[in-house]
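First, one chain by itself in structure tokens, the form predicted alone.
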């Protein structure tokens, strides 16, 4: 796991007293620094983007940082947004919806959830994987009241979108990387 502290990056691009991500140019500068950090780590490694010390995140910065990172790197890298507040989630959800993207976020209380447009079956499968720490396809088929094809399609979508991963015939949450 590689922790990328947005507050630290913000300190390098703005004043150390500045805790807000509120302009597109600030978001672009922060994303550029995040991408430099991503170049230093293996794609199989989880990149945890820490929002914990960021007070305000506007829509333009959510678009510049979250959406553009996922668009550029989301098919080859695992991301977890950590320390996300309710206000952050509002901005992030809006840009994810607009781009048809999804990601995993951990709020400030430690609860992990999906953000972005994901169908009900995939959300339920994700919830079970998170709750149990892992799940085999058969476990999910027995617990979810959906057809085997629907469950398999949901699991494939979650894996393709890098929201969970498959290891030793068991679906794992990103927190296991």
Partner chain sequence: MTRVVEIPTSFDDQTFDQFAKNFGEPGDEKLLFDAHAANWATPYGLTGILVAGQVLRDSGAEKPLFTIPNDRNVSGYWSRLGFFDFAEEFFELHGKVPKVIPKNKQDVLLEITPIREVDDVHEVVRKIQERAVAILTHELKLDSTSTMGFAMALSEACQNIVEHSGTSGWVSVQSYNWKKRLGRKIVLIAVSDSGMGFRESLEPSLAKHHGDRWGDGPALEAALMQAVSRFRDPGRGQGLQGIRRYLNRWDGKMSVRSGTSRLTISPDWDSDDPRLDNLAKFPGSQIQMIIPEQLETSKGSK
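Residue numbers count along the first chain shown, from 1. Values in this document were obtained by computation on a predicted structure and should not be read as measured data.
Keep in mind the form predicted in complex with its partner chain is missing from the figure; the text below concerns it.
Using a 4.5 Å cutoff between non-hydrogen atoms, residue 168 does not count as a contact of its partner chain in the model of the complex. Its partner chain in the model of the complex is not approached by residue 76, whose heavy atoms all lie more than 4.5 angstroms from it. In the model of the complex, residue 141 stays away from its partner chain, with no heavy atom inside 4.5 Å. Looking at residue 56, you'd find a heavy atom of it within 4.5 angstroms of its partner chain in the model of the complex.
Listed stretches are 145 to 153, 56 to 64, 125 to 133, 42 to 50; the contact stretch with its partner chain in the model of the complex is 56 to 64, by a heavy atom cutoff of 4.5 Å.
Highlighted residues 25, 68 and 95: every one comes within 4.5 Å of its partner chain in the model of the complex, counting any heavy atom. Residues 86, 87, 90, 94, 95, 98, 99 of 78 to 107 are found to place at least one heavy atom within 4.5 Å of its partner chain in the model of the complex.
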